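Just the one chain here, the form predicted alone, laid out as structure tokens.
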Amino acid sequence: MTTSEVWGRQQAERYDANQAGMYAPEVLNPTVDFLADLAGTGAALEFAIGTGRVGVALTGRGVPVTGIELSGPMVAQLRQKVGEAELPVIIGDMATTTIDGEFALVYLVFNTISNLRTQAEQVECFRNAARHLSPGGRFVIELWVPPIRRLAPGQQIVAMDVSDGHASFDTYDLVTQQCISHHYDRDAEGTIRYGSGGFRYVWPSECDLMAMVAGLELESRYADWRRSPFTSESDSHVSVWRKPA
């Protein structure tokens, strides 16, 4: 077991509703287009597949997808959308769980590698991706760029969202690269619900070093799934590493 938090039934049941914006066509379609293009005629493996936001859609494009997921309740939500025969999922963690076969594509979306809260586990995640890739296959991650430059000297908190129904802020430990996201949600009755989650933020250059340790080579990096150029102003990146043929 890794240091990733395991999502329970209540979190899993609320997940799709809380992340409704991530299902919007303008968000999901470019993601699936990008991944389907890289998979080609091969199979794909999704680490931390969750409720299947991307995996189910990619399967609908004709790409054979297998998932690895730590949370049984999240998989239960996925099973309401698609059966095991069409999209098999193994319960386990993305750093150490292995399955039979080789894949043209291994991918990890929506900042999820940060759920591994030690550098050693994140390195093992890259190694695990490399183990599952066929020669010439690609490992893709979508990840935020830590907004550390927004911190004034001595500041440890960055506000992420303040709206009528939701407020969130992140607290940072610059020594350990640990981050805690704090969320306050107002329900229909006016009750405020608090939740938090712990992460370890990773810089793009650190990801490249982890990939090198795993025997992977950086092929491309973009600011988003639409292949916008990655610059010093980008607040996220989609990176592709290739396993040498």
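Residue positions are given as counts along the sequence shown, with the first one as 1. Please read all numbers here as calculations on a predicted model, not as lab measurements.
Form predicted together with a small molecule: not shown, discussed below.
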### Message
So if I measure heavy atom distances to the small molecule in the predicted bound form, which of the stretches 128-136, 144-152, 109-117, 159-167 falls within 4.5 Å?
### Response
109-117
#### Entry: Touches the small molecule in the predicted bound form: Leu45 (any heavy atom, 4.5 Å)
no
#### Entry: the small molecule contact in the predicted bound form: Leu70, any heavy atom under 4.5 Å
yes
### Message
Since only the chain is shown here, I'm wondering whether Cys179 would be in contact with the small molecule in the predicted bound form (any heavy atom pair within 4.5 Å).
### Response
no
### Message
Under a 4.5 Å heavy atom criterion, is Tyr222 part of the interface with the small molecule in the predicted bound form?
### Response
no
